[in-house]
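First, one chain by itself in structure tokens, the form predicted alone.
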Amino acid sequence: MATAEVERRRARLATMSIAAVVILVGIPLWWRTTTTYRAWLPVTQIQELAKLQLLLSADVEVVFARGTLTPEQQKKITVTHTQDEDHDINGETSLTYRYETRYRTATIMEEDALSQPSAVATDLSLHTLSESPCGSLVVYVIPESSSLLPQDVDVYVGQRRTALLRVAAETKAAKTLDQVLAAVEPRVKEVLQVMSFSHHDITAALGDRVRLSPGSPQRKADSMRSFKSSPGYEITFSLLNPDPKWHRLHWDIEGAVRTYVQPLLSKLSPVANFSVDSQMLHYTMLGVNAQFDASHDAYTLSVESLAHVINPVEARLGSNAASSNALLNFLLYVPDPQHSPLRILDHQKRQVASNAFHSPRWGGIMVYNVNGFYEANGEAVDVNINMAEVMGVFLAQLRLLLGVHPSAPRAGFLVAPPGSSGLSDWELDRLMWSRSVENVATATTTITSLAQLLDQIDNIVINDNIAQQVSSAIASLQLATAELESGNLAFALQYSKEAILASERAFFDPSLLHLLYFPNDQKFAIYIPLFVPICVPLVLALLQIMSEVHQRRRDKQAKKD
């Protein structure tokens, strides 16, 4: 009897010891080793990013030349005016444009520059005197009698960040300085719409955050044509020779890139990195059968058939699959004698002057006819391609695809050509404004989407490097928006590029894959065979011990009674 009691007591101690080990050691250890590691994320700052409020500040300097103000008005000219324009895009996005305008009179050296015989020489002389910082503009108000501008031109937009504005008749009749400034201000605003950011460009750069408002078909086409912002672009020039037995093609692509393309890419270096390569493909056809048109005395490609040209050719081009940069293709096609001359027709069935077309966010194709080189004996001929003509077409297409859209012509405006670099300084500023806003909008969308994903799926591991990238992206976004408010366009673009790179590295991290982790039903299928054989006997033994303890208490109570 005593031996049985000792055995029961030993069994109870063993059971309670095992239960204590399981509860105090086993369960915490299992919980610790199976808990998904999730590094801390700045949730409050991420939630603040969901509501995007941008303030874009542009510095404008209006300089009055001799003969535009009276001596009394010149004494009071030290005036600074700040104007804000608020645009509530939707419930989560709002824009504010701030124009800080400073008025002053021209210096002696500026007066000498304004006395040059032409507007082009004046623009160069003013640029030599002082170079305006990125994102700012200087508008020189010249008298009505000035010979710098033709009679039908009131505004000259130069290659740099300066413009010439002829004073209007009502401005000349104004008696007070306030009246003069009130008359000049609308004209200065028109100049800003051409040389600085516009509301349409900024809303188009916001991307998926907003729905584009109804506008002109040309503006919609411009927003759909250009590539999205990318840290780098790879440009490939390809020469297509459908049948080498008819012609031996020679093109100095290296010299052409150095002469025509590299100056433009060097000026665009603040926006992105560029790489250029070239190739020559033989026996490559367009994939569309051109039909002979007697009215044009040539084989023709209609607008409807151009959509079917790219896919067959693209399969032969090849691409760098390991690169995440955007790829721009520029193809030069030389037709064989059986399909030459080959002309491209527009919607009105008229020949396109450049004999080329471009595809949105892809590239461009130019048809180069050499039917005048062929000989009657059918032997192959040597053809030296006019690279100046070809590069003129490709550069125009490259500007459009990168988002450098030509400004809509305005009455009384004369816009200087971009020059040898292929891009004016103010055109670069407009592109940098758009790219900065686009990068900020894309980075905020990426970070907020990542936060929502991690909140919905709680068993995804958040490593420390992901948290670091998210924090880095948020810090860069804050710096970019602060620089936009200050008008420091170059720094704003740089910080916005850092923000989008950090946000994409965090979002596309390989560890953020839900398929790497077991769903709950699979976890139960694993843990039940492991824990049930251990827990069931242990729970039954504990219940038996509790029952015996309760029975002994009842027996003691009965004896007392």
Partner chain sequence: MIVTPPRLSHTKKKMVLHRCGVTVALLVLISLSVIVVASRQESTLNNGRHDFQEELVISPLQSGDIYASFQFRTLWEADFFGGNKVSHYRLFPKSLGQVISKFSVRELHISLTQGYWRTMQWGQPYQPSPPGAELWVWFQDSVTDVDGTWSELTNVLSGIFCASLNFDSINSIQPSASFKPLGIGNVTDHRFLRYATLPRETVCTENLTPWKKLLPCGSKAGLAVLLKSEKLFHSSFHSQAVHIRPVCQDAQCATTSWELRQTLNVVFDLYVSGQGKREWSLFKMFSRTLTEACPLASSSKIYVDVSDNSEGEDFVLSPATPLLRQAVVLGDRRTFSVYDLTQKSTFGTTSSLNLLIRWKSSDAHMLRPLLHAERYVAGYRLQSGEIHTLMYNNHPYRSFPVLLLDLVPWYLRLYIHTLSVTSKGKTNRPSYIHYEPSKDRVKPHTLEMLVQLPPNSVTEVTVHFDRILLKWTEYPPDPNHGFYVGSSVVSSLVPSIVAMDTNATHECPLFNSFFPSKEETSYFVRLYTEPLLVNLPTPDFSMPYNVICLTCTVVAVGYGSLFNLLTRNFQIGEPRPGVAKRIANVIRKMRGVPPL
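Numbering follows the first chain given and starts at 1. Bear in mind the structure is a predicted one, so any value in this text is a computation, not a measurement. Rigid core here is just the name for the largest C-alpha set that superposes within 1.5 Å across the two forms.
Not on display, but discussed next: the form predicted in complex with the partner chain.
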item	value
R10, T15 and M280 all contacting the partner chain in the predicted complex, non-hydrogen atom within 4.5 Å	yes
Option touching the partner chain, based on a heavy atom within 4.5 Å in the predicted complex, out of L400, L423, I253, I474	I253
Candidate from H81, R248, H87, R361 lying within 4.5 Å of the partner chain in the predicted complex - any heavy atom	R248
Contact label in the predicted complex: A315 to the partner chain, heavy atom within 4.5 Å	yes
Contact flag, G287 vs the partner chain in the predicted complex, heavy atom cut 4.5 Å	no
The partner chain contact at S275 in the predicted complex, heavy atom, 4.5 Å	yes
Heavy atom of I77 within 4.5 Å of the partner chain in the predicted complex	no
Option from 66-74, 40-48, 496-504, 530-538 whose residues, in the predicted complex, bring a heavy atom within 4.5 Å of the partner chain	530-538
Displaced residue check between the shown form and the other one: V43, CA, 2 Å or over, core reference	no
Exceeds or equals 2 Å, Cα of F531 between the shown form and the other one, core fit	yes
